[in-house]
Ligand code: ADE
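Form predicted on its own, single chain, as structure tokens, below.
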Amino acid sequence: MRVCYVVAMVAEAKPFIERYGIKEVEGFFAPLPCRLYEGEVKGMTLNVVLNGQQNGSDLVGCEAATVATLSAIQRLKPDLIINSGTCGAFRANGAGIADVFIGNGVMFHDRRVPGDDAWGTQSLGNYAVWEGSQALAEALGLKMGKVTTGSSLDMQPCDLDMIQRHGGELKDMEGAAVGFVCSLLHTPILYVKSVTDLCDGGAETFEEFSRNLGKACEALKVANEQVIDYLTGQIRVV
């Protein structure tokens, strides 16, 4: 089995990479900035693909995630994509800082395309998640929530309206873009998200994100260790 993580930021992936000691395959995606780490873990081939960097910073957002996911699937042909990273969430839905969620759905919250139902359906996305997502969440005792994706860290009133109308619970900048590519190439996708900021908590988003990034990434590492144990049969399903 080959499992491929698609991750936007070095900070999100580094604790996990170090935990398993997987090594970078230099220049695998050149001339693209995406970076590949690979190793064997408990009988499974584990890949971690980072979006890469440009102008000295991590590439975040839908465009970079699309490039990384497309490159990963075409070159590595994984059995499962896992989009792992940090996100915003809502205190009103019971979320707290460094809580880890498994995605039970994914959509865009900032693609507003007027027209008939076909255009509207395409703009929202609502791509399928891996069919084993709920069983995994239950086995690991993790919460579930719907991931909504936009191209900006902040949230405008129209974004919030879209999120609330469609049952969104976790706000990120990559998930639906990864799901879009997976839907085109018929590759199952699992979402593992850790909360850095509360969209309804009253704090300035970037400040709260920066303050909680380390804590959220450590929680993400622990959850992803459990995910690997589950996928390799180390955690029994009762």
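On a predicted model such as this, the values are computed, not experimentally measured, just so you know. Numbering starts at 1 and runs along the sequence shown.
Beyond what is shown, the protein has a form predicted together with this ligand; the following relates to that form.
Peer 1: Look at the candidate spot formed by T86, S152 and K171 and say whether this ligand comes within 4.5 Å of a heavy atom in all three of them in the model of the complex.
Peer 2: Yes: T86, S152 and K171 each sit within 4.5 Å of this ligand in the model of the complex.
Peer 1: If you check T45, T205, T66, N212 against this ligand in the model of the complex, which one has a heavy atom within 4.5 Å?
Peer 2: Checking each option against this ligand in the model of the complex, the one that comes within 4.5 Å is T205.
Peer 1: Work out which of L50, L190, C182, C199 lies within 4.5 Å of this ligand in the model of the complex, going by heavy atoms.
Peer 2: The residue from L50, L190, C182, C199 that makes the contact is C199.
Peer 1: Only one of 127 to 135, 86 to 94, 100 to 108, 67 to 75 has heavy atoms within 4.5 Å of this ligand in the model of the complex; I'd like to know which.
Peer 2: Among the listed stretches, the partner-contacting one is 86 to 94.
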